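Listed next as structure tokens is one chain, alone, in the form predicted alone.
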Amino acid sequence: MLAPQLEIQLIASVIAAACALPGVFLVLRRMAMMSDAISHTVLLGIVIGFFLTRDLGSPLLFIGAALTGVLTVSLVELINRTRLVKEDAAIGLVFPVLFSIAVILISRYAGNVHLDVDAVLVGELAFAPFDRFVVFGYDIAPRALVIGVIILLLNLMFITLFYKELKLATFDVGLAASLGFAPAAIHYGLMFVVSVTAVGAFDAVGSILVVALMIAPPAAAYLLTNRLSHMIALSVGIGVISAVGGYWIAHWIDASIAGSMATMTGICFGVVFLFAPERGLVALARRHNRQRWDFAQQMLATHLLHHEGTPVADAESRIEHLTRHMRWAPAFAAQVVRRAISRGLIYQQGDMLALTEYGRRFASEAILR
């Protein structure tokens, strides 16, 4: 038996990896809201399963919750196909109704049972190590860890077996259908896996953390790479880092474990959102700034080439003329000239500017674009 601290981190890491795997395809399909809807509406299946069995450990609760997740997707698709409302509006219609029914049933008929909305939303990760999975008198591991490993293996098997189909149906539904891959079946299979993952993580981490782990790590991975295989690996890695880091933050500040983990997923995404090499805000700002200066240098080189050899060449090639002809501020014009000289596009003689041979080719290519 491991220390409870280590077991909590293992449970959270396994669940994070399990959530991140299908989450990648949800993010790529722009279906992030669907994960939120499913992670809440499966509560109705759990409640109905409990009313039928009166046993919180019954497998029927798990099956009912997974089927409710599929029902959620089916109802959203049914409403969306009418073309009367958009998909996000359809989710907004189905999700509150099913979740509210579950909340009403719990508050009305299950008030004295360990089945409450707070536990569903935030989970009870701190107590997960004390709910043991015992086989023939042998203590195997925490029940949440066993369930998490099973779900992780299920998700790995599903993605491995249908990787090609999932990839094709995600990026080109029409081509997938023409090749006979049945994108609708793949879609519902993915939604079933998402439902099972949400149900399995319910008792330990709650629906809020399920949504955070299913969306934030894949969204961060999407900003870091364009390759699907790398995106899946990065998503799992970011999810595990968020889970472990969130646990220690909760330990240091004596806060909610699930809340700290969800916060950590947001922090990881925020860091990537700012500093991703190609798609981060900092990289985009640098690229925009570089393009701004490149365009200004193109304008300068084109201006000089256009007037080169003409009677007005002397007047048009003076630095002070740039502020009048191109309406550039003096400081900006001086900076453009300095950058163009350092780049080898032009050279300066007194207050006159002239193109180098490289500058002429550069201006000619800019005109032909």
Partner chain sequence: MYSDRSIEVTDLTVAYRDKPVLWDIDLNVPSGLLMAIVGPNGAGKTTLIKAMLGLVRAAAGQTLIYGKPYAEQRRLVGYVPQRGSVDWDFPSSVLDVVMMGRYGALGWIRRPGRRERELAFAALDKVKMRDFADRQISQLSGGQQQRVFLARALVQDAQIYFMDEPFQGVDATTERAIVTLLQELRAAGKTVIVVHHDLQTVPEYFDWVTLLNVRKIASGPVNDVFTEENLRLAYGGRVSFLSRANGSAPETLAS
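Just so it is clear, the model here is predicted, and its values are computed rather than measured. Numbering follows the first chain given and starts at 1.
Unshown form predicted together with its partner chain; subsequent notes refer to it.
Heavy atoms within 4.5 Å of its partner chain in the predicted complex are found in exactly one of 287-295, 96-104, 245-253, 161-169, that being 161-169. Judged against its partner chain in the predicted complex with a 4.5 angstroms heavy atom cut-off, the residues A3, R132 and V149 are out of contact without exception.
The listed set F273, F181, F192, F127 contains one residue whose heavy atoms approach its partner chain in the predicted complex to within 4.5 Å, identified as F181.
When you look in the predicted complex, the only residue of L228, A283, A89, A141 with a non-hydrogen atom within 4.5 Å of its partner chain is L228. Although the partner is absent here, L28 is a contact residue: one of its heavy atoms lies within 4.5 angstroms of its partner chain in the predicted complex. At a distance threshold of 4.5 angstroms between non-hydrogen atoms, M264 is out of contact with its partner chain in the predicted complex. In the predicted complex, its partner chain lies farther than 4.5 Å from every heavy atom of L153. Taking the partner from the other structure, its partner chain in the predicted complex has a heavy atom within 4.5 Å of a heavy atom of Y222.
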